[in-house]
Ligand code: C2E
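Before any questions on how it binds or moves, here is one chain, the form predicted alone, in structure tokens.
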């Protein structure tokens, strides 16, 4: 236990310096329209390369950032950097792209998230529709009235809102008709065995049908195989992301795909 506590403290201290020393970066994973393989957008994913620790897995450092509260300044950096990159892409003529950014519960509750988003949009002069904020289900369940007001204010700015990891939280269907949501994101845990597990297949099918009934786009994450893709296409899922299309890429790597506008799909991108 002592070793674990020391390791956590060491990582927290290193993470505090990561922003100052420029150790954080964003990679981007394509989001693809299944009917056309057209590239609709990208999700911004945080990466940390520390001189001592090396490339630290997000699964390892994100929980530390959340527990320590560092996720708030880090989240603000991610928002600003994603908007800055969207501006650069727009200057290159790529102006129909949506850039999705994850917003933590702490960042949503502890800061003036509406003011932060407005400032980032203004600073980088991008259309609000280029930015999508991904919120977790659990966030929507607490202080629902306050959350609803904040979400309405965000929608008034013109940004898009999606529910990340849909189906893994509290999944109260009542909030879907109250909250101004644009998209549901099916969690990878359901997608993984969707072609072989009847229960996962039933859940994914139900989410897709729910989204269609409520006029919400549905995107599946974690797509890795042709059989998963075939199932999602058959059920009418709107879009997907995952290693089948491409791993998260650096800005330089993904810019080539963005210029083409179409992701070929297949194992050539999963290597």
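Note that the coordinates shown come from a computational prediction; the quantities given were computed from them, not determined experimentally. Positions refer to the first chain, counted from 1.
The same protein has a further form, the form predicted in complex with the ligand, not shown here; the description that follows concerns it.
Heavy atom within 4.5 Å of the ligand in the predicted complex - residue from 132, 200, 182, 165: Spelling it out, the residue with a heavy atom inside the cut-off is 165.
The unique member of 32, 207, 223, 237 whose heavy atoms fall within 4.5 Å of the ligand in the predicted complex: After the contact test, the surviving option is 223.
Site test, 114, 128 and 157 vs the ligand in the predicted complex, non-hydrogen atom cutoff 4.5 Å: Not a single residue of the candidate spot has a heavy atom within 4.5 Å of the ligand in the predicted complex.
Interface stretch in the predicted complex with the ligand - options 209-217, 32-40, 54-62, 229-237, non-hydrogen atom within 4.5 Å: Answer to the contact question: 54-62.
Partner proximity in the predicted complex: residue 70 to the ligand, non-hydrogen atom cutoff 4.5 Å: Answer no; every heavy atom of residue 70 is more than 4.5 Å from the ligand in the predicted complex.
Any non-hydrogen atom of residue 124 within 4.5 angstroms of the ligand in the predicted complex: Judged by the heavy-atom cut-off of 4.5 Å, residue 124 is well away from the ligand in the predicted complex.
Touches the ligand in the predicted complex: residue 188 (any heavy atom, 4.5 Å): Yes - in the predicted complex, heavy atoms of residue 188 and the ligand come within 4.5 Å of each other.
Distance check, residue 85 to the ligand in the predicted complex, heavy atom within 4.5 Å: Residue 85: no, not in contact with the ligand in the predicted complex.
Stretch 72-87: residues contacting the ligand in the predicted complex, 4.5 Å heavy atom cut-off: Residue within 4.5 Å: 78 only.
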